[in-house]
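For reference, the chain that follows is the form predicted alone, supplied as structure tokens.
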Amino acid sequence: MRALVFDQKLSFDPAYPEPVPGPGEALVRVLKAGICNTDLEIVQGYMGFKGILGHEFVGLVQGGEWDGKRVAGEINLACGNCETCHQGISTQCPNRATLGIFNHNGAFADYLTLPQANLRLLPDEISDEQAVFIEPLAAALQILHMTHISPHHRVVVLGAGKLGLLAAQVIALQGCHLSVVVHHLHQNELLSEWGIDVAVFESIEPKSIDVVVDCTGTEEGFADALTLVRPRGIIHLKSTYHAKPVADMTRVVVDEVTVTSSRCGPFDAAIRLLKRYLIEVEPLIDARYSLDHGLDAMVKAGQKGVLKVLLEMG
């Protein structure tokens, strides 16, 4: 099968071995996959991963009771036996593998395997292109699971990229005073169409924001969040970093700022939001490439201001 493989460098392999599902696993023929910032960070050394990249996908199950069914898939392959799993926190299983990120080949290929328990059947109302966004939309929803956002809160989202724009739409549903700091005209236009306020960082009064959500993935983003958050306010991190950032932790202590974070989230809730047309994702698609041109797609995805780039398996 064809695959986009990372092993010290990124390469396209037209004859990579097709995966064989193990006990309890399903074979999925990938239809489309989305390139995420995490994929770009892996190429820069994040997680030390070697193998097939990709974790945002839609596909068709091959064989078994779900043969031909269209699915998306949760990316954490938990052991199911440890104390963390027994507590219902399988996304934090210490023995987990993660699709296309850690110890399990991912979705930038013609086929992948996942435990059937990880798969979610998709309703007809959700298109293939929408389905690619279920994983990052679920991650955006996890913000609300980990941080209470009241309709009375002043909230700022930093980083109006792929995840930041999803996070902004999710947070806007809470009815809070929301602004998003933008640096590119396209993001500005999208947010304006959605009725979400845009802001210039310098125009926001320092130490005035109840909740700052950092989706920048940069050291500077956390510093900016510290500038904006009020004493005893909350900084919610959605960023991962391929390098270790330096932060002013003294300021965190002196102003008694709560720093929290979130990672993967609820797929079923993301599917419901898309099915009810409460979140727009198609406008985030900037380019589509065939898997054969996956290397070009990764270059495109890494350009500043570019939003979602899709790989189409054909």
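For every residue, the number given is its place in the sequence shown, counted from 1. None of these values were measured; they are calculated from a predicted model.
This next part talks about the form predicted in complex with another copy of the chain, which is not shown.
The candidate spot formed by 183, 188 and 288 lies out of contact with another copy of the chain in the predicted bound form, as no residue has a heavy atom within 4.5 Å of it. Here is the short version: of 148, 232, 207, 86, the single residue with a heavy atom within 4.5 Å of another copy of the chain in the predicted bound form is 148. Exactly one listed residue, out of 176, 198, 223, 97, brings a non-hydrogen atom to within 4.5 Å of another copy of the chain in the predicted bound form: 176. Taking the partner from the other structure, another copy of the chain in the predicted bound form has a heavy atom within 4.5 Å of a heavy atom of residue 144. Under a 4.5 angstroms non-hydrogen atom cutoff, another copy of the chain in the predicted bound form has residue 266 among its neighbouring residues.
Using a 4.5 Å cutoff between non-hydrogen atoms, residue 27 does not count as a contact of another copy of the chain in the predicted bound form. Of the heavy atoms in residue 273, some are within 4.5 Å of another copy of the chain in the predicted bound form.
In short, of 199-207, 166-174, 214-222, 98-106 it is 166-174 that has heavy atoms within 4.5 Å of another copy of the chain in the predicted bound form. For the partner-free chain shown, nothing in 222-238 comes within 4.5 angstroms of another copy of the chain in the predicted bound form, judged by any non-hydrogen atom.
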